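Only one chain comes next, encoded as structure tokens, the form predicted on its own.
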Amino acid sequence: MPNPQTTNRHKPSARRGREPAHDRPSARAPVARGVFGHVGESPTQAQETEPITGTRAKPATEGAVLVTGVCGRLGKLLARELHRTDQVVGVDRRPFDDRPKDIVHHQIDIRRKKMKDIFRGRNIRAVVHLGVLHDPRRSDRDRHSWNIVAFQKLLDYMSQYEVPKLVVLSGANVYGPQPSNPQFLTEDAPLLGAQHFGGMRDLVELDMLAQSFFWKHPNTETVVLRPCHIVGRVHNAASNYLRLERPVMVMGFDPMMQVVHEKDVVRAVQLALRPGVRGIFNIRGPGEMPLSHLIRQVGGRPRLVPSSLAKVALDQLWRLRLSGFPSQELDHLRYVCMVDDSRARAELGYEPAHPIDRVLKDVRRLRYQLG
């Protein structure tokens, strides 16, 4: 697969949004996204080469930054950082009642045709895609419609209106927790996250679409970020698990874990928005720690359960809607899935600013507030 730095540059055709029919490199390198144990199917395709990062000619920086999923915790944090220096346009089905006055918010579904009016009516210089549905209780059809159909439409608009930058927030769980994993996974590692969890297939496809867009549209700087478990005051599976008073641990397993503060992830997105940055980057936090230590640091007491019993119990609790963790999540409590962020440090200039004590303090604080 050719290096994107040496790929021949083709001029776009006169008709806006169309590209000339030339042979372009394929981007069928599978990837996935998850928060704490989501997985997606990709064994053989994952052996292909992924986009190589690097720098390119800097595009113009005039225009607004469009943020999908702006009403989520990460979306609000990012919007409040970006609006100090950029025009910010947020899109989300939820209301944004406490938004800063200079942030434009469109309360619409990104699958609707009104999205096209936003691209047509505004000079969009970058899109940050955070609007991914993770709820494992939603039907496969709903998740596929929101995560894949919506993202395809977003990419179509980006291509038609020649938006020069795309940042997609993926996750380190695309690699999947495996007993054969090395201690640290690089961006070139195979993406095996969906082998045991069919609910992650659409998220695998979403990341594959981002990589395909990388190769098919070299005039757009596409960045895919893969952070490890995001924690803090955010409500996701990793943070919710650590807030439990007696979280389950699988007897005989105590894997090393990586966590990253939500504000460090926001900082990584800001760095990815800089002109000239493109490619895939792993994002990690301040260090690694055994799962049992993480639980105790936030004031929890792990409950050791045999693997077979844990699966039966979680399946039953899931059916009764007494738990938000499907039994497929257990692999994350047994096997290592940690990433090497050397590329992000070298090319993005990324360094986690929040030490592990601060990261866990925010998890602990919200746990007591909720209690």
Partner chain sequence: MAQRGSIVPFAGWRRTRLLGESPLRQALRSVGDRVVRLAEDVVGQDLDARIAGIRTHLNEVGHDPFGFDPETSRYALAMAALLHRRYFRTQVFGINRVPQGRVLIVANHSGQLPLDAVMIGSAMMLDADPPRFPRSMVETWTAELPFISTLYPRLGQVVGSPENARRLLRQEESLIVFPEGARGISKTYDQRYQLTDFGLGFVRLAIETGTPIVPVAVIGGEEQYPSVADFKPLARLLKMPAFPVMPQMFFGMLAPLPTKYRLYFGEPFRFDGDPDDDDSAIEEKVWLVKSTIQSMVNRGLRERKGVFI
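Numbering follows the first chain given and starts at 1. Values in this document were obtained by computation on a predicted structure and should not be read as measured data.
Another form, the form predicted in complex with the partner chain, is not on view; read the next lines as being about it.
Student: Within 4.5 Å, heavy atoms only, which of 94, 301, 84, 114 is in contact with the partner chain in the model of the complex?
Tutor: Checking each option against the partner chain in the model of the complex, the one that comes within 4.5 Å is 301.
Student: Ok, 142, 254, 162, 109: which has a heavy atom sitting within 4.5 Å of the partner chain in the model of the complex?
Tutor: Partner contact (heavy atom, 4.5 Å) among the options: 254.
Student: Should residue 340 be classed as touching the partner chain in the model of the complex when contacts are defined as heavy atoms within 4.5 Å?
Tutor: Result yes; residue 340 sits at the interface with the partner chain in the model of the complex.
Student: May I ask you to state whether residue 123 is within 4.5 Å of the partner chain in the model of the complex, using heavy atom distances?
Tutor: Flag for residue 123 set to no.
Student: So in the model of the complex, does residue 345 come within 4.5 Å of the partner chain, heavy atom to heavy atom?
Tutor: So residue 345 counts as contacting the partner chain.
Student: Hey, in the model of the complex, is residue 133 touching the partner chain, heavy atoms inside 4.5 Å?
Tutor: Outside the cut-off, so no.
Student: In the model of the complex, which of the stretches 236-244, 289-297, 143-151, 68-76 has residues with heavy atoms within 4.5 Å of the partner chain?
Tutor: Among the listed stretches, the partner-contacting one is 289-297.
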